[in-house]
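The same protein chain appears twice below, in two forms, each given on its own as structure tokens and labelled structure 1 and structure 2.
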Structure 1
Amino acid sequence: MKAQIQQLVSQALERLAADGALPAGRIPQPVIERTRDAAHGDFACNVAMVLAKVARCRPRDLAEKVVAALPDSRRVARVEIAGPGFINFFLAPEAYRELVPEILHQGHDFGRSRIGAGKRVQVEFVSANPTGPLHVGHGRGAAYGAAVADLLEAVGFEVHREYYVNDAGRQMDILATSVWLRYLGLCGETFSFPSNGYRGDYVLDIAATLHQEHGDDYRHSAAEVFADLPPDETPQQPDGDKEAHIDALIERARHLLGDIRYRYVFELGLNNILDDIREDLEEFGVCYEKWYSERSLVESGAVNKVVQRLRDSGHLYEKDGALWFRSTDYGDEKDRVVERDNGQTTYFASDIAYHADKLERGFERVIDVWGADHHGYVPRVKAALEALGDDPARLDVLLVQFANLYRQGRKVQMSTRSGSFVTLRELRQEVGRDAARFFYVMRKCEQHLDFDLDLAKSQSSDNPVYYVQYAHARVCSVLKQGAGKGFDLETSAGATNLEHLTEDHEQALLRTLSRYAEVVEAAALKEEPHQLTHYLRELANDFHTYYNAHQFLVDDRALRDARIKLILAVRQVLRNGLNLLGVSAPESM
């Protein structure tokens, strides 16, 4: 509808240009916006003020000319000039009414568009290290990334969702070693667990599986395992080096177990945790087209190849036995290591290879959803892409701020160290999937999120999720009631009877419904799902107000038909919107 107004104004401007009232040449695309105040009509255009200068004409005078040049449209009831030179459009009631059959006809597809048609975009999100279960911080990235992906898909992009699995590298070795040590504990060995090891219960569970299935097969004596190791760093031994200690333990594990057995423990840990993450996300309604393994990148030689490319193009140099990438050439604040002095490529090297691969796969746009703590990482990845001759502008990194949980007005303390962190699974169990998905995307991603657990659980209008879902359930309930009363609820086809929708509440509802497609488009293109949550609340509010003010199941058949069609349209839009956010639309509550 907005686009139609825009076209009318464009035509008027062309006419004026042809008549010489406007300088020929570049005529800007006029900006049409929704009015804030109904007294200003439905849409407003500020083009007269914008062009007043080049037209050498006062804004209001120019507005007169534009209005005079506007082609007729049956959708526009009247046009007014107001304020400093706004051109206000008042739509004909029928322009809104036509929306109802359109919504009912298009159903699930209503609000979708083809703006992104033909463009492929990749969205990588969550990508948490498989060294433990997802926590509430990952949850926000999951809900946000999934919503952005679904929104982009809704406006026509071909979306590819991906989870990058950091299954190579030192952290995974630490996990494997932690599992093995816990296993030794279960075998009856006694020793002090390394301070840098993973001490979560899930490690113990995996160790128990190993013990159950293989008994003492993987057992070595603690004395043998800990012989001649550099001392750990503990409160009792502040002089120790926890990094050196754990690295030595990893080496010892490899040595004592041998490649095959070590690999077995490693895989057991990885697979257990990855399966858990997959299941967790699936239950959260988050699915991927691909789980991309870092190890596959290392093993296929892609990492070495990309390092070689950088070396050949003169972007690398050696210092202190390590290989450095001169990222400062591209605006990074310092150079970065791609290969450590022990010959191992760094996580960063894998990441370069991964991002180069993304661009090679031909995505027009590549979106990374990262935790805000990674923001320092952005310049170096972009630098690497530029050094490789790719266009870094194709990569868009969206940084998601952390989420803080609140219970009874108090911040819930979370820390990995104390082991008291809240997992995503625990959160879902406490507040439910719908509330979690909705709450996570209520704020824009760069905003710190205060997640009120009590509110998310409350079954009242204070809780925006229940409020919106309740509107949906209420429509369903009305229909059930109608059937119970023996009303004929088969609605008429097309725009029949819709002229009976004359109440202010009905007009307001139609107006809100007409905004839906615009909201979806804006939320998608700006990567701001929170716009949709706000919209859904407004729509639900309009509906609840209408519900309280008017009876739908009236005796007048034509009026009843019109009202039922309207609330069916409301239900459809609520459903479509909730669906894009991964929130269910219950039939009853």
Structure 2
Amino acid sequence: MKAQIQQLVSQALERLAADGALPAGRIPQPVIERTRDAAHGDFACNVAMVLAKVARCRPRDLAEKVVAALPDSRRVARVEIAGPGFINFFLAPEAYRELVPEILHQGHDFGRSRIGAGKRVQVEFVSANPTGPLHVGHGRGAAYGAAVADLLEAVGFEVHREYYVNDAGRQMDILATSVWLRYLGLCGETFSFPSNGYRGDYVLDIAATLHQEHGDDYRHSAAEVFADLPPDETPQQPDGDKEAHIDALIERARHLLGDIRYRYVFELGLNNILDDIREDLEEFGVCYEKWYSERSLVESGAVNKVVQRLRDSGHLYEKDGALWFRSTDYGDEKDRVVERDNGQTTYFASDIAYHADKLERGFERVIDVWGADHHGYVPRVKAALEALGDDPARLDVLLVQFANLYRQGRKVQMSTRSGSFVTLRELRQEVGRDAARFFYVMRKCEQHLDFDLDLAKSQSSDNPVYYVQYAHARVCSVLKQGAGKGFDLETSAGATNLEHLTEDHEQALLRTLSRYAEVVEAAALKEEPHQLTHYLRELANDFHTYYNAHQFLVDDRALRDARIKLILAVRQVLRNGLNLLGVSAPESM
């Protein structure tokens, strides 16, 4: 409807331009907004105030000319001019009623559009280091990234979903060494586990697989492993250096195992955890077009090439044996290392190469969904792209705040390295995929999220996902009841009988239904899935209120037909909206 009003105003402006009342070629796209007060109509347009200067007349006078030039439309009951020159549109009842057959005809496609015009957009999200299971913080990024991608696709963008696998670098070496040390423990060796190692039960499970398959083949004595290492940082040795200690252990593991065996342990840890992550995300309803390996960038030489490009263009300098990128030239707070003094490139260098590759693949827009703790990383990545000659505006980074879990009113404590965290799998098993997906996107990504586990499991109107799903199930229940009572529920074609929808509750439902496509568009273009969750709750509330006030299976065949068509339209819109959020639409609850 909004688009139809916009088209009417555009045609009026074209007429005025043709008549010389407006200068040709200077007519903008009119902005149409829904009014907040029904007394001011359904839609309002401020185009008269925008164009008054170029038209060389008062805004209110220009508004009168625009209204006079508007084409006739049976969907518009009347048009009024308000205040300094607002044009208010009051829609005819049939404008809303005609929406019902449109929804039923379009079905799954209702609310979708081609605004994106097939432009290619890449959305990279989650991309957690494969050093442990996904936790509840990753879950919010997964739900949010997936919803943004699906919404963009719904409005006509060609969307490519990608997971960047950090399968190279120090953290992966820490994981491999942690697995090997746990394996040595299973072989009977006794020692103090490094404070900076990965301690979760999943590490022990991987070590048990190594021990089961290879027995003591990878065993070395603890004395040999820990001989002459820098002391660890512990309560007993507060002056120790945990970073130097774990780095020395990594080198000792490489030396004692040799390249082939060390690589085997490395791959065993990586593949076990990565398989677990894939399974978790698939069970969470999140799938990707590509899993992109950081190691492929390193092994192909892409990282070295991008470092060389920055060196050749004068954006790098040497200091203390390392190579530094002049990111302060682009507003970063300090320069950044891209190559260490030992010749190894940094994570940052890999990220530069990865983002350069994204743009080289032809994506018109690249969206990264990162944790809020990466906010300082944004300017340096954009700086590197600019230094390479790319347009940093093509990169859009969305920062997702952490999710805090609450059970019985108390915050659930979590820690990653110690392994005492709540995994995404545990959350999904406790509250269900639907509740998790819905709750995760109920707020803007930059806002903190308090996830109430007890509320998410409750079957009450206070639980937003239950409330919305129950509205869908209630429509299905009405249809089953009608069939059981022998009613003919075969609906009439088109807008037949819809003139019987005169109750206030029916008018409210029709108005809410008319907003769906606008909400999808706004949620997609603003990357705000929470707009859709709020809309679905409002639609569900309108339906539940209607359900409690009126009978649908009435004896009057024409009225029954109209009401059945209306609630079928509600069911379709609820189903479409839930689908975009990765949430199911159950037929019974």
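The first residue in the sequence of structure 1 is number 1, and each one after it adds one. Only the largest set of C-alpha atoms that superpose within 1.5 Å between the two forms is called the rigid core. Model, not experiment: these values are computed from the prediction.
The form predicted together with the RNA is structure 1, not structure 2.
Considering the chain's movement between the two structures as two rigid blocks, A48 travels independently of P101, in the other block.
With both rigid parts superposed separately on C-alpha atoms, the smaller turns by 13° against the larger between the two structures. On the core-superposed pair, the CA position of R15 changes by 4.6 Å between the two structures. On core superposition, I87 has its C-alpha offset by 2.9 angstrom between the two structures.
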